[in-house]
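Considered here are two forms of the same protein chain, supplied as structure tokens in two stand-alone entries, structure 1 and structure 2.
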Structure 1
């Protein structure tokens, strides 16, 4: 299973499914990371975490631990 965490900088990936449950999952989805959304991996923070992605036309910062919950292709 490939997750958002594994995606390389500069890649554009498509969300397949969100794992996890409850508040954390809801929060990620509220921010627009839902099934079928295209996500562009913009950059990684200087210290290696978090990751900046472009989703639905805006910039989002997401920690790697949470990016792991987003299955992509």
Structure 2
């Protein structure tokens, strides 16, 4: 299983599944990370947290813990 956290800079990946429960999963979906959405990995902070991505035409910074809940291909 590959997650958003595992993707490398410059990759374009597609969201396959969201893991997590309740409010956490809802928050990720509210940010636009839903099944079938393409995500471009723009950059990663020096210590790896957060990850900056382009999704649905805007830039999003997401924590490593949240990025681990997004399964991609």
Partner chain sequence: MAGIRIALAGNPNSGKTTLFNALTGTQQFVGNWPGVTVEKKEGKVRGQKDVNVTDLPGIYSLSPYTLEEVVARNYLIDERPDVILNIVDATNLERNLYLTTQLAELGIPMVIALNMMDLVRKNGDQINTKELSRQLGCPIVEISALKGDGVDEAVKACVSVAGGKMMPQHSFSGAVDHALAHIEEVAVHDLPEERQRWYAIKLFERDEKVLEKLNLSQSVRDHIEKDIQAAEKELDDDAESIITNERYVYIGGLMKGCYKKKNKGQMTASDKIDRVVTNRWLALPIFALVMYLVYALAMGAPIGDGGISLGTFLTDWTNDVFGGWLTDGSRSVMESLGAAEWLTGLVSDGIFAGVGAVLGFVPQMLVLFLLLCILEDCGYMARIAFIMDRIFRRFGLSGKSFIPMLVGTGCGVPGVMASRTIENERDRRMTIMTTCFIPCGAKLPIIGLIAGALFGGATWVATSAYFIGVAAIVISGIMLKKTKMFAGDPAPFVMELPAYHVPSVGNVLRGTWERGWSFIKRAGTVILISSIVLWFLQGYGSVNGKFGNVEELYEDETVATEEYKEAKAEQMGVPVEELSPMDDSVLADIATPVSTIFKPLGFGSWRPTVATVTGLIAKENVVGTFGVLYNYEAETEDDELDEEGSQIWTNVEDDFNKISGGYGKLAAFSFMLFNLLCAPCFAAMGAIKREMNNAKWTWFAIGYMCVFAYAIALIVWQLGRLFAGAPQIVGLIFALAVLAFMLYMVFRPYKEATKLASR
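Bear in mind that the values here come from a model prediction, so they are computed numbers and not experimental data. Numbering follows the first chain given and starts at 1. Each form is matched to the other, and the largest set of C-alpha atoms that superpose within 1.5 Å is called the rigid core. Shifts are known only where both forms have a C-alpha.
Peer 1: Only one of structures 1 and 2 is the form predicted on its own; identify it.
Peer 2: Looking at both copies of the chain, structure 2 is the one that matches the description.
Peer 1: Rigid core aligned, does the Cα position of residue 46 differ by 2 Å or more between structure 1 and structure 2?
Peer 2: Yes, because once the rigid core is superposed, the C-alpha of residue 46 moves 2 Å or more between structure 1 and structure 2.
Peer 1: Which bits shift between structure 1 and structure 2 if the core is lined up, counting only runs of three or more residues where every C-alpha moves 2 Å or more?
Peer 2: Residues 46-48 form the sole shifted run.
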